[in-house]
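This document opens with one chain alone, in structure tokens, the form predicted on its own.
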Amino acid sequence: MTKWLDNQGPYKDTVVSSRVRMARNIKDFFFPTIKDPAGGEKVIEKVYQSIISANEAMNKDFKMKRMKDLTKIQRLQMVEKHLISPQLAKHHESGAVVYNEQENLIIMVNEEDHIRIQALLPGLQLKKVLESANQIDDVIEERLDYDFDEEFGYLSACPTNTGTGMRASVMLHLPALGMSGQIHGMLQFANKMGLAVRGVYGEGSDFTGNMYQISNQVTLGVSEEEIIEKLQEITMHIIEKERSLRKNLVKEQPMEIEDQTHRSLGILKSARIISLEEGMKLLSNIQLGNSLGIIKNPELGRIHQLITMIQPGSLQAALGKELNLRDLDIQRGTLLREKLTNI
């Protein structure tokens, strides 16, 4: 069960999820960027044992999967669920992932760094995900020696992660900013404030379905708490702007917004072929309509689960086979009709 996908957290109308990711490395081992199969396997075993040996509850709750034991489709589905990064999926020879049953505590092993701890929760819960990530970090650090420098902090394969080694991020749904044409100004504001703005799947991914991921860029010379506070402050500013614009849309264009919502729902309930881009755009319109009370259905509160289900990896994993682009679009249309038929 992917807990963070239930979209039932604080500020769920605009914030899909909160995440904290920590980069750590183990002393006396080459960084994963240097190919060392034997060393990489030792790192996997050390990290996994450090977690399951902590206590009986963690032993039962956490499991491990090696990337080389997974199919291309299974790795892609894990990327779509944010269990692993696209980089780990591509460079999978000596990689692994350790995660709990709810899939909201994840440790990527041998990605860019030996250890990438991730904590995920729905809505705006940055302090809670930091607490969860720190708990796992402490468990591992009690059993393994991290590469740490008194002056520079945690050492990383990438200099931009040196220091706290922490990246905090929030996934935002911002349709009103997009419709008003103000999204570019907001993104520039975030950049000026030292934040990176990326698509759903991180660096290099597209801004599809009005989804934006914002995260800190600076990890050196600041504390974890300072990073969280700054991201929280800027996120709240963006939320307030998005909500204000949504109210203006309802006030100034009530019939147009209502039409857009019902038209989008109508297409998804009847179309036979839906591309990923169109599907995410239409689901974004429905999600906006639901937040404004135009359509009231409890199932629409979990629409991000549906957004994940229509991704290529998830569709192919559900069917157990690879599909070409046309067949993916057909299966996506079928799934959406089935899920939305009673709404």
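None of the values given here were measured: they were computed from a predicted structure. The first residue of the sequence shown is number 1, and the count goes up from there.
Same protein, other form: the form predicted in complex with a further copy of the same chain, not shown, and the subject of what follows.
Under a 4.5 Å heavy atom criterion, is Arg272 part of the interface with a further copy of the same chain in the predicted complex? Yes.
How about Ile267 - does it come within 4.5 Å of a further copy of the same chain in the predicted complex, if we only consider non-hydrogen atoms? Heavy-atom contact with a further copy of the same chain at 4.5 Å: present for Ile267.
Any of the heavy atoms of Ile330 lying within 4.5 Å of a further copy of the same chain in the predicted complex? Looking in the predicted complex, residue contacts with a further copy of the same chain include Ile330, since a heavy atom lies within 4.5 Å.
Is His262 one of the residues lying within 4.5 Å of a further copy of the same chain in the predicted complex, judged by heavy atom distances? His262 belongs to the contact set for a further copy of the same chain.
Check for me whether a further copy of the same chain, as it appears in the predicted complex, comes within 4.5 angstroms of all of Ala196, Glu226 and Lys281 - heavy atoms only. Negative, none of the three is within 4.5 Å.
Looking at Glu131, Glu256, Glu101, Glu93, which has any heavy atom no more than 4.5 Å from a further copy of the same chain in the predicted complex? Comparing distances to a further copy of the same chain in the predicted complex, the residue within 4.5 Å is Glu256.
Where, among 273-281, 25-33, 314-322, 59-67, do residues come within 4.5 Å of a further copy of the same chain in the predicted complex by heavy atom distance? Going by heavy atoms within 4.5 Å, the stretch is 273-281.
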